[in-house]
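As a starting point, one isolated chain is supplied in structure tokens, in the form predicted on its own.
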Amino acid sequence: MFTRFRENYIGFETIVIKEVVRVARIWVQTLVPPVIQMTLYFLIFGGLIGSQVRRIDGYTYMAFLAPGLIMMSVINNSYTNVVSSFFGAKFGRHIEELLVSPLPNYMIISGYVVGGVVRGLAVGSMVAIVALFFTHLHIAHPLITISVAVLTAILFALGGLINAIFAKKFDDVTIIPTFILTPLTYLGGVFYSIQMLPMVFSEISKVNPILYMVNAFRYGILGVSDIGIGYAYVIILLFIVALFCFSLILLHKGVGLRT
């Protein structure tokens, strides 16, 4: 039993190392562009437009904006890393080597997810450093901040994996981020508090799961949130369990992987 576990762990570790090395090797593509993009957000929205915006929950707009942009970078990069890497493995047809190996499907999923989490947290940390040049950030609840960032990265890494499984061509890789992920992120409280919205739109916003992740992360840093932190954890964990189980089913059935 121990030997079997050790063999599975070696396979898992190999996938993780491959994913991390991939991120590090092409860092000009994986790490630099999102940091530059977030820096522009800080300059335009936080610096220019934000100076004209009143304080929100007692904080300047720049301070209010920073947690949202950090979380947005975690979401986008954890998702993008897995969808591009896994689809690349499909396109290159070396994913078949994993499918015929004795490595359990849950280990394959976990390996790719860890790679996505590493990239998401790496970019998020770099954006947090950039934010310090624009505003002062004092982390009110470190444990909540870290746990929400990690769980959110896991969630969207799983989402990227599912997108890659169903994708049949490179164009399919961008459909979900363009038409679903980006709108939900922009409408997820990154740039505003839902308390600023009319009541009907405030209630509609609560259907957006990203709102809970952004607000939970903002609570971890600033100590303020538009929603209950307990609800946020429940929603994030439920989505993680659902997407992980769905991913297992897809790999077990070979959906989008077997010809």
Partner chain sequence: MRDKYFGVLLLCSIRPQFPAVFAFSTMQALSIRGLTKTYRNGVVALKGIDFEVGVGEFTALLGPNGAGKTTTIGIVTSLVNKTSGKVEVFGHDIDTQIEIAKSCIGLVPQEINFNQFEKIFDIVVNQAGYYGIPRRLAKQRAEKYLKQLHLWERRDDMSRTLSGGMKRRLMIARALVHEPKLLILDEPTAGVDIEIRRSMWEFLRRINQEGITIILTTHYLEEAENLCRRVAIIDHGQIIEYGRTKDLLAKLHTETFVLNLRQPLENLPPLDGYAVTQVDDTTLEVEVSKQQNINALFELLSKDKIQVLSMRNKVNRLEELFVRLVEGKG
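As the structure is a prediction and not an experimental result, all values here were calculated from the model. Positions refer to the first chain, counted from 1.
Omitted from view is the form predicted in complex with the partner chain, to which the following refers.
**Q** Any chance residue 24 has a heavy atom within 4.5 Å of the partner chain in the predicted complex?
**A** Taking the distances in the predicted complex, the answer for residue 24 is no, it never comes within 4.5 Å of the partner chain.
**Q** Does at least one non-hydrogen atom of residue 103 fall within 4.5 angstroms of the partner chain in the predicted complex?
**A** The answer is yes: residue 103 has a heavy atom within 4.5 Å of the partner chain.
**Q** In the predicted complex, does residue 10 come within 4.5 Å of the partner chain, counting heavy atoms only?
**A** Looking in the predicted complex, residue contacts with the partner chain include residue 10, since a heavy atom lies within 4.5 Å.
**Q** So in the predicted complex, is the partner chain close enough to residue 98 to count as touching (4.5 Å, heavy atoms)?
**A** Residue 98 belongs to the contact set for the partner chain.
**Q** Kindly confirm or deny that 6, 14 and 94 each have some heavy atom within 4.5 angstroms of the partner chain in the predicted complex.
**A** Yes, each of 6, 14 and 94 comes within 4.5 Å of the partner chain in the predicted complex.
**Q** Name the stretch: of 124-132, 142-150, 182-190, 85-93, exactly one has residues whose heavy atoms fall within 4.5 Å of the partner chain in the predicted complex.
**A** It is the stretch 85-93.
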